[in-house]
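What follows is one chain in structure tokens, specifically the form predicted alone.
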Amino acid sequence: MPNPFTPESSAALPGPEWLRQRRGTVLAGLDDVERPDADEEVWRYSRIGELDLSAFAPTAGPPASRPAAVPDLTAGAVAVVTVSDGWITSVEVDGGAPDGLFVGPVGELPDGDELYGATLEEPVDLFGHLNRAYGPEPLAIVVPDGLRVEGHVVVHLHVSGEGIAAFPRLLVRCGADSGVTVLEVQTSEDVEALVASVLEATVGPAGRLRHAVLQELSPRVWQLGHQEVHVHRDAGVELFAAGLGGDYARTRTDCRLLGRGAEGRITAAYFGDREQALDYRTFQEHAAPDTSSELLFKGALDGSARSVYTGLIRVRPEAVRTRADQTNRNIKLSPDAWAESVPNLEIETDDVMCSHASTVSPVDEDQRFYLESRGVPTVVAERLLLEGFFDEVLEAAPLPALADRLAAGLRTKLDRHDTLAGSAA
């Protein structure tokens, strides 16, 4: 089968000259980039060996049709951006958006070439290189010093083409003492496709960034994402992820706390069923004194679904008085479901408070028996416990509308489980 990732398809992509040159530079070294292998620790337990890259091809342009809107999530937004098959197809900025907020193609910024790659100098894997070589013009969100944005920015990433490889890229820069909330919604038609997305975010001194991803891709889509976030002095970032869709969906998050007093919070909920695989890798680096991080991932698995969570908290020698907590909880609803949970600590200094915990188990039998003993039917009791299991994550959602939509998605998964459990009985 011919290779669809050709130099010609990369060279044909539009954008400013500096972006074209960067694509060419990455393309020239692409043959030397190692292919991911499940024997590598960062890919261990994954299904990466099943991916046939030759079955997908980068797109030459945006699709003719626009995806359906997501009105429940765009209410109150200061800007709504649509990214179709990796291409920015619309940018709608509310008339009441604050002066100085920039939302648009990176090429429209006078310093766009400096923003691109400021956080992520080198891609971490093959898909990051492909994103640079075959991605259309990235979207940039820039918040100047001192601006706290009321409302939120919605980025709707939609995939509609059969057999396409989409490479969206989002660049976020929060200036000193600034703040913004960004919500990415990932949807697709019922197609077989590959989505390799990248987020680069920088949070300046005393800045605040809240970023969330709601992944609702169709069951035949492969999603491979990377998030690189740098947090500076007295700044904070809240990263939120919700994984419901996809065939194989993987996100790697690198959160680097680079300034004294920086804070990072990462929260996720995921629910896999049928034959889905949901894969999360986190790297929390403490590289300055008095930094703190908190991670909470909760997942449920049904059918023959699989999940992977591997996380590393790394505390550098200079990061004294670090506080870091890492927790991953998984509930198996089927004997054929499988979850791997591997939290790790790497501490290079004294005077720290760090912890990690993980569990993989069925629904708690004692709690279920307690409800059953008070007349609650078994299916209902199990559902109540599962809904309560996710409450802690829902409360951490940066927007009530996002929590509502995630709760609805979880209920849909539970409805399917209840139906299967009822028919089996």
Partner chain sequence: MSGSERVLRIEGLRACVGDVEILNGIDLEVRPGEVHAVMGPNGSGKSTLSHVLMGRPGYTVTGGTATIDGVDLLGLATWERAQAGLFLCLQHPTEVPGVSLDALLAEAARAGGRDVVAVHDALRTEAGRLGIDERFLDRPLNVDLSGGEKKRNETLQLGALGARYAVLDEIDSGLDVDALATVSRRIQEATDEDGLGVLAITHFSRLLEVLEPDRVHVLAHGTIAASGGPELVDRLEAEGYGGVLGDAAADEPETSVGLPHAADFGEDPFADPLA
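These figures come from a predicted structure and were not determined experimentally. Numbering follows the first chain given and starts at 1.
There is another form of the same protein, the form predicted together with its partner chain; it is not shown, and what comes next is about it.
- The three marked residues, Glu365, Phe369 and Val376, each reach its partner chain in the model of the complex, with a heavy atom inside 4.5 Å.
- Distance criterion of 4.5 Å from any heavy atom to its partner chain in the model of the complex singles out Leu384 from the list Ala38, Leu384, Ala55, Ala28.
- Interface residue among Gly49, Gly388, Gly61, Pro400, judged by heavy atoms within 4.5 Å of its partner chain in the model of the complex: Gly388.
- Annotated contact segment (heavy atom within 4.5 Å of its partner chain in the model of the complex): 376-384, selected among 376-384, 38-46, 353-361, 61-69.
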